[in-house]
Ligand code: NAP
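Take a look at this single chain in structure tokens; it is the form predicted alone.
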């Protein structure tokens, strides 16, 4: 844990989980149960689960047991009368837009893993180590939408998170013009039951619906500049060419990235920029934050999915094979844990950052 420079809650913040029975909802429960800043007081899901004990309604899929404190909670409808202050949304994107807006309008803080609101001009798309200043959009969001206490903050797509954390130090130090990103994404990114076994065994699927569009657009917002005067984020001027593939690994998204820089940089200079990167939420004492957030490996065959995906309890990314690119300037490999850093853990860290900065009472 980082040094306690920021604020911490006087008591655990009462939180609810929307879409609690799904794969990401279960990961929220696992991580929140062990977090001293939060207390799970409500779980909500679809109509077929409402009224049941969570332990009966949910087929638990994680390798650790379902927490006893959550097992006996009664599953509620996804309606804004839950006994909590914040909600973490693991809802499917098709239903998230309307439900999340109802909660925010009713005064709840909504930390969303869904894609429905990510590209809304007045909604922060947040990686706390990258663009904490984008939280300035919340005041604009409340004014435009007529919300008093409520808000929506989103975290990016799972493949975007690892790429942007690696690109941020390079963009700050040298500037980025273009990036070519090829992903090898784990099965857990497709939810449960996910990809049929006869489709993925002995196979790589070179298409994931919607992923490439997210990798084109989301980094530009994340690496963009927040303008309070204009009330928006001015997107970064970077061209990105992605190719997204589903591979037969359980967890961990591996990505190969080639970049063209605005100013020349050697491999040693790029390594120095990555290793010098510091985590604001770690400095503020956020429980989920880790230092280093970016781990640079020097071995010629690292990172590897099975070996490195749990680095920093799943909250760090690992970068390796940094070398000159024959077409652009530099190329490297990035690995991140897609359901921790790229999903539930990212949303939780967003909430911790807001608490540490005194934005949540």
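Residue numbers count along the first chain shown, from 1. Source: prediction; values computed, not measured.
This protein has a second form, the form predicted in complex with the ligand, left out of what is shown; the following refers to that one.
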Notebook entry, point to check: So which of 41, 49, 305, 35 reaches within 4.5 angstroms of the ligand in the model of the complex, heavy atom to heavy atom?
Noted result: 49
Notebook entry, point to check: So which of 166, 286, 91, 152 gets a non-hydrogen atom within 4.5 Å of the ligand in the model of the complex?
Noted result: 91
Check: Which of 187-195, 171-179, 274-282, 119-127 has heavy atoms within 4.5 Å of the ligand in the model of the complex?
Finding: 187-195
Notebook entry, point to check: residue 113 near the ligand in the model of the complex, any heavy atom under 4.5 Å?
Noted result: yes
Next item on the list: May I ask you to check whether residue 346 falls inside a 4.5 Å heavy atom distance of the ligand in the model of the complex?
Entry: no
Checklist line | 4.5 angstroms heavy atom contact with the ligand in the model of the complex for residue 19 | finding: yes
Notebook entry, point to check: Heavy atoms within 4.5 Å of the ligand in the model of the complex: does residue 131 have any?
Noted result: no
Next item on the list: Just give me the residues of 330-348, first to last, that have a heavy atom within 4.5 Å of the ligand in the model of the complex.
Entry: 338, 339, 342, 343
